[in-house]
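A single chain comes next, written as C-alpha coordinates; it is the form predicted alone.
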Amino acid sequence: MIKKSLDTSILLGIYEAATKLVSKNVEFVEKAGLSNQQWIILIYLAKDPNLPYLIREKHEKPMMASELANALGVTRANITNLINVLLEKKLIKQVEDADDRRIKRLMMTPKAEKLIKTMQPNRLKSNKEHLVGLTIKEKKEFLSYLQRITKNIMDS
(Lines give C-alpha, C1' and ligand atoms only; values in the text may rest on other atoms or scores of the structure.)
Protein backbone atom coordinates (compact mmCIF):
# COMPACT_ATOMS: atom_id res chain seq x y z
CA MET A 1 0.00 0.00 0.00
CA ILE A 2 1.48 3.41 0.97
CA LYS A 3 5.07 3.31 2.18
CA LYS A 4 6.81 5.76 4.51
CA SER A 5 8.61 8.46 2.53
CA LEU A 6 10.70 11.33 3.89
CA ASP A 7 9.69 13.58 0.96
CA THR A 8 6.01 12.86 1.49
CA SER A 9 6.35 13.33 5.26
CA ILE A 10 7.94 16.77 4.74
CA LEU A 11 5.25 17.95 2.31
CA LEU A 12 2.40 16.58 4.43
CA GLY A 13 4.02 18.20 7.46
CA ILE A 14 4.01 21.56 5.66
CA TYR A 15 0.39 21.00 4.68
CA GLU A 16 -0.63 20.16 8.26
CA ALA A 17 1.25 23.17 9.66
CA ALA A 18 -0.41 25.43 7.07
CA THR A 19 -3.84 24.04 7.91
CA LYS A 20 -3.29 24.59 11.64
CA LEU A 21 -1.96 28.08 10.96
CA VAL A 22 -5.06 28.97 8.94
CA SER A 23 -7.28 27.68 11.79
CA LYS A 24 -5.43 29.81 14.35
CA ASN A 25 -5.54 32.80 12.03
CA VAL A 26 -9.30 32.44 11.63
CA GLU A 27 -9.72 32.91 15.39
CA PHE A 28 -7.52 36.00 15.23
CA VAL A 29 -9.27 37.73 12.31
CA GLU A 30 -12.82 36.84 13.33
CA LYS A 31 -12.36 39.10 16.36
CA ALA A 32 -11.97 41.95 13.86
CA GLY A 33 -15.08 40.91 11.92
CA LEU A 34 -13.13 39.52 8.97
CA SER A 35 -12.78 36.19 7.25
CA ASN A 36 -9.29 34.78 6.79
CA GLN A 37 -9.45 35.50 3.04
CA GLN A 38 -10.48 39.11 3.67
CA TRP A 39 -7.56 39.55 6.08
CA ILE A 40 -5.12 38.10 3.55
CA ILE A 41 -6.39 40.51 0.88
CA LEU A 42 -5.87 43.41 3.27
CA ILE A 43 -2.27 42.45 4.01
CA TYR A 44 -1.63 42.15 0.27
CA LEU A 45 -3.07 45.61 -0.28
CA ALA A 46 -1.02 46.87 2.68
CA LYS A 47 2.01 45.55 0.76
CA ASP A 48 3.22 43.44 3.67
CA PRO A 49 6.93 43.09 2.84
CA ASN A 50 6.91 39.51 4.15
CA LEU A 51 4.56 38.16 1.47
CA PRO A 52 6.51 35.89 -0.90
CA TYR A 53 4.35 36.87 -3.89
CA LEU A 54 5.09 40.56 -3.43
CA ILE A 55 8.79 39.86 -2.99
CA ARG A 56 8.84 37.92 -6.28
CA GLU A 57 6.53 40.18 -8.28
CA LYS A 58 7.77 43.60 -7.12
CA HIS A 59 4.43 45.41 -7.34
CA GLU A 60 4.76 49.17 -7.67
CA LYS A 61 1.12 50.02 -8.37
CA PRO A 62 -1.87 49.03 -6.26
CA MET A 63 -3.01 45.52 -7.11
CA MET A 64 -5.80 44.56 -9.48
CA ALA A 65 -8.34 41.88 -8.60
CA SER A 66 -6.81 39.52 -11.18
CA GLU A 67 -3.38 39.92 -9.55
CA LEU A 68 -4.87 39.11 -6.15
CA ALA A 69 -6.59 36.03 -7.57
CA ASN A 70 -3.26 34.89 -9.05
CA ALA A 71 -1.37 35.56 -5.80
CA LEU A 72 -3.92 33.64 -3.71
CA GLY A 73 -4.45 30.82 -6.21
CA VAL A 74 -8.19 31.39 -6.44
CA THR A 75 -10.60 32.17 -9.24
CA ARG A 76 -11.41 35.70 -10.35
CA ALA A 77 -15.05 35.09 -9.32
CA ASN A 78 -13.97 34.12 -5.79
CA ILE A 79 -11.84 37.27 -5.47
CA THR A 80 -14.69 39.42 -6.79
CA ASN A 81 -17.00 38.20 -4.02
CA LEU A 82 -14.37 38.88 -1.36
CA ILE A 83 -13.63 42.32 -2.78
CA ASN A 84 -17.33 43.19 -2.80
CA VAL A 85 -17.57 42.40 0.92
CA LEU A 86 -14.50 44.52 1.67
CA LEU A 87 -15.97 47.36 -0.41
CA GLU A 88 -19.24 47.10 1.56
CA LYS A 89 -17.29 47.20 4.83
CA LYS A 90 -15.51 50.31 3.49
CA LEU A 91 -12.11 48.69 4.05
CA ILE A 92 -11.01 49.00 0.43
CA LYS A 93 -11.80 51.20 -2.55
CA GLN A 94 -11.38 50.87 -6.29
CA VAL A 95 -9.40 53.50 -8.13
CA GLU A 96 -8.76 54.00 -11.83
CA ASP A 97 -5.32 53.10 -13.12
CA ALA A 98 -3.32 56.23 -13.96
CA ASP A 99 -2.35 54.86 -17.39
CA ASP A 100 -5.56 53.05 -18.37
CA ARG A 101 -8.86 54.22 -16.87
CA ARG A 102 -10.53 50.92 -17.78
CA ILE A 103 -8.34 49.14 -15.22
CA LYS A 104 -9.49 49.25 -11.60
CA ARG A 105 -6.93 48.97 -8.85
CA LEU A 106 -7.59 48.25 -5.19
CA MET A 107 -6.47 50.34 -2.27
CA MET A 108 -7.05 50.19 1.45
CA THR A 109 -9.10 52.90 3.10
CA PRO A 110 -7.96 54.72 6.23
CA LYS A 111 -10.39 52.47 8.13
CA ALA A 112 -8.48 49.38 6.94
CA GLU A 113 -5.12 50.97 7.70
CA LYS A 114 -6.29 51.65 11.25
CA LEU A 115 -7.58 48.08 11.59
CA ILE A 116 -4.28 46.58 10.46
CA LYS A 117 -2.33 48.89 12.76
CA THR A 118 -4.54 47.81 15.67
CA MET A 119 -4.16 44.11 14.85
CA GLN A 120 -0.42 44.15 14.17
CA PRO A 121 0.85 43.78 17.77
CA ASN A 122 -1.29 40.67 18.33
CA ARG A 123 -0.29 39.33 14.93
CA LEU A 124 3.41 39.66 15.74
CA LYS A 125 2.91 38.10 19.19
CA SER A 126 1.06 35.16 17.66
CA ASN A 127 3.74 34.69 14.99
CA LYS A 128 6.42 34.63 17.68
CA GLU A 129 4.46 32.00 19.65
CA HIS A 130 4.15 29.78 16.56
CA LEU A 131 7.92 29.82 16.08
CA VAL A 132 8.93 29.46 19.73
CA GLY A 133 11.99 27.26 20.21
CA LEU A 134 13.56 28.11 16.86
CA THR A 135 16.77 30.11 16.80
CA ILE A 136 17.27 33.01 14.37
CA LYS A 137 19.56 30.76 12.33
CA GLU A 138 16.93 27.99 12.20
CA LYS A 139 14.25 30.49 11.17
CA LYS A 140 16.42 31.79 8.33
CA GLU A 141 17.23 28.24 7.19
CA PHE A 142 13.55 27.25 7.37
CA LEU A 143 12.54 30.30 5.32
CA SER A 144 15.20 29.39 2.76
CA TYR A 145 13.85 25.84 2.53
CA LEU A 146 10.29 27.08 2.08
CA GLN A 147 11.41 29.44 -0.68
CA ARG A 148 13.24 26.64 -2.50
CA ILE A 149 10.27 24.27 -2.17
CA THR A 150 7.91 26.96 -3.49
CA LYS A 151 10.23 27.64 -6.42
CA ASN A 152 10.42 23.92 -7.21
CA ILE A 153 6.62 23.69 -7.16
CA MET A 154 6.27 26.73 -9.41
CA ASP A 155 8.91 25.47 -11.84
CA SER A 156 7.40 21.99 -12.22
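Computed from a predicted model, the values in this text were never measured in an experiment. Note that residue numbering follows the sequence shown and begins at 1.
Unshown form predicted in complex with another copy of the chain; subsequent notes refer to it.
Only one of 99-107, 86-94, 113-121, 60-68 lies within 4.5 Å of another copy of the chain in the predicted complex by heavy atoms, and it is 113-121.
For the chain shown alone, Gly33 is not a contact residue for another copy of the chain in the predicted complex, no non-hydrogen atom being within 4.5 angstroms. Contact between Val26 and another copy of the chain in the predicted complex is not found at the 4.5 Å heavy atom cutoff. Shown without its partner, the chain has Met1, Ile2, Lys3, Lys4, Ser5, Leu6, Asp7, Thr8, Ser9, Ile10, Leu11, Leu12, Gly13, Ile14, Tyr15, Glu16, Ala17, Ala18, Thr19, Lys20, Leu21, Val22, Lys24, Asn36, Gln37 in segment 1-39 as residues with a non-hydrogen atom within 4.5 angstroms of another copy of the chain in the predicted complex.
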